[in-house]
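Next up, structure tokens for two forms of one chain, structure 1 and then structure 2.
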Structure 1
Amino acid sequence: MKGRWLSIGLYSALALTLLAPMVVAALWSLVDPKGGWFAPDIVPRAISLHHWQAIGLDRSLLNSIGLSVVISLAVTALSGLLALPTAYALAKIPFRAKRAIEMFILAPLIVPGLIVGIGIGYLFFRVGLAYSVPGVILAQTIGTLPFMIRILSATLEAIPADLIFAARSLGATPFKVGLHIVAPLAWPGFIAGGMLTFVSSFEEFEKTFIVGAPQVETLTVKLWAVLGGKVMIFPNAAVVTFIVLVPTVLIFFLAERAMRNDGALAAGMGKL
């Protein structure tokens, strides 16, 4: 019962935030350049795959897709690696300054990406990280880390301390406890955090643009280039938009399936 309502909610959100723009983008990407698409018409006069073909022939787009995937994977891995010890400390070690530290870590969540980007951009320029892939990975990680830490620490906090003590008294070393108890109970949170990180990295623009452009051309930077040249090539932009949205849609779909089928993963998703 609960699963069904969750599904309905998710699909409504999906329709509003993704489907509507996607339909428009789809139509734009299919406009036949000979016919065009003008004001009173609800759909274009003629449909063609012209723009998809043109973009498909463009090697630089394929390069951008590859680069975006690699960068997002790296950002996800790096965020996970950096977030885990912090999240563990936040979840398990009761220290007085805990709230203050939490605030500090989560601050980037409420500061606009552009502001953070400008700060980082200046700093990275000074230390020679500007216009490089590692620079972009680092810049994006600064943005995704707070999410990852939040999700992981919520996941770890949900594991009862008695389980860990029970395992210890049964003869498990702290390492074995991590392996046999914490990891299996925490993986849904890790997956949820990983998917969210991947998507937000894949769609990140401000920091990537400031630190990496024009040398590092991810999909979103490419989209900007298509949109922001001397003439705006709307249909081409629509094609790129479509590709940028693919992982988001995929993950929405996966999340919905998870809520329906797997209690543990749904719990992880709940922490998003």
Structure 2
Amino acid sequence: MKGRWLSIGLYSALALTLLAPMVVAALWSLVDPKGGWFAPDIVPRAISLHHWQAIGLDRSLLNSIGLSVVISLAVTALSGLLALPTAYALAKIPFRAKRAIEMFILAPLIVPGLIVGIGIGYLFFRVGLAYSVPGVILAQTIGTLPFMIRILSATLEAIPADLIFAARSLGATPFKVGLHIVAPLAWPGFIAGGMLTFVSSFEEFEKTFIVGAPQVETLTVKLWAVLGGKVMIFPNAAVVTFIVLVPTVLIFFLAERAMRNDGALAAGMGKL
């Protein structure tokens, strides 16, 4: 009985925090511009696909979607490449101040993104990386790297050290050990970290806006522009919001399916 009430409470909280805002956003995206939506009406008096059609005709939106996907894929690949050595050291090599290093790695998640963006924005401006796609990729990697390191380190901890020692005793070089043993066994961690990294990069705004805007217009920067500056255009913003949510919901659905079938992947996600 207690578990039943706990489940009801959890699902109610989920409905209030996730489903309710999505329903409101869906209604705003369907508001008929001729009638509007004003109090005390609970729902719009008339619905229309006008705003969806207007956004669909905006060619810059397709460019923003494509650019966001390309940047997110690049950030995911770069984060995985940079995270593997650090994650292996944290998981397999004993050294002093390991806990302090782990806390330092989490610093980009603790410090507000706006502060990080201002700091790296000034630096990138001095070195010529501001207002460029490579600069945005590097800026976003700073924020996503902790996810990948933490998840990979959890996955690498589960790899038996005997396998590595046996391969080394049989003459395998460190490169071959990493390529043929560590990388295949750490693949679930790459998948879990890659999913979170892709979503985090796709939804990133502060660092992208400070470092790249207006030349680099990702989907989140486009959403900010659609809001209309000082006057919010709720229907248009609601349409773009749904477009931003699609990959997020899809990836987390795939992650849930993967964690159901792979204990190592679940362990990697739980490390966060």
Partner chain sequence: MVANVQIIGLRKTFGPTVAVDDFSLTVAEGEFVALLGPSGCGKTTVMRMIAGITDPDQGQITLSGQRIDALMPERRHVGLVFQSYALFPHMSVARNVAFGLKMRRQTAGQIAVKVAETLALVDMSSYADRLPRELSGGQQQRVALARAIAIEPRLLLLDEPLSNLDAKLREQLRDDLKALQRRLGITTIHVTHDQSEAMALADRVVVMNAGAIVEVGTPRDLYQTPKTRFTAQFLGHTNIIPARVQFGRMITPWGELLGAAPLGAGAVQLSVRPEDLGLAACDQGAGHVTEVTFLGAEVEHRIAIAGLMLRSRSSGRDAPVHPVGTKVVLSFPADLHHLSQEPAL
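Just so we're on the same page, rigid core means the largest C-alpha set that superposes within 1.5 Å between forms. Along the sequence of structure 1, residues get numbers from 1 upward. Every value quoted in this text rests on a predicted model; they were computed, and no experiment measured them.
Here, the chain labelled structure 1 is taken from the form predicted together with its partner chain.
When the rigid core is held fixed, the Cα atom of residue 138 travels less than 2 angstroms between structures 1 and 2. For residue 156, the Cα coordinates differ by under 2 angstroms between structures 1 and 2 after the core has been superposed. Superposing the rigid core and comparing between structures 1 and 2 gives a CA shift of 3.5 Å at residue 165. After superposition on the rigid core, the Cα atom of residue 174 is displaced by 4.9 Å between structures 1 and 2.
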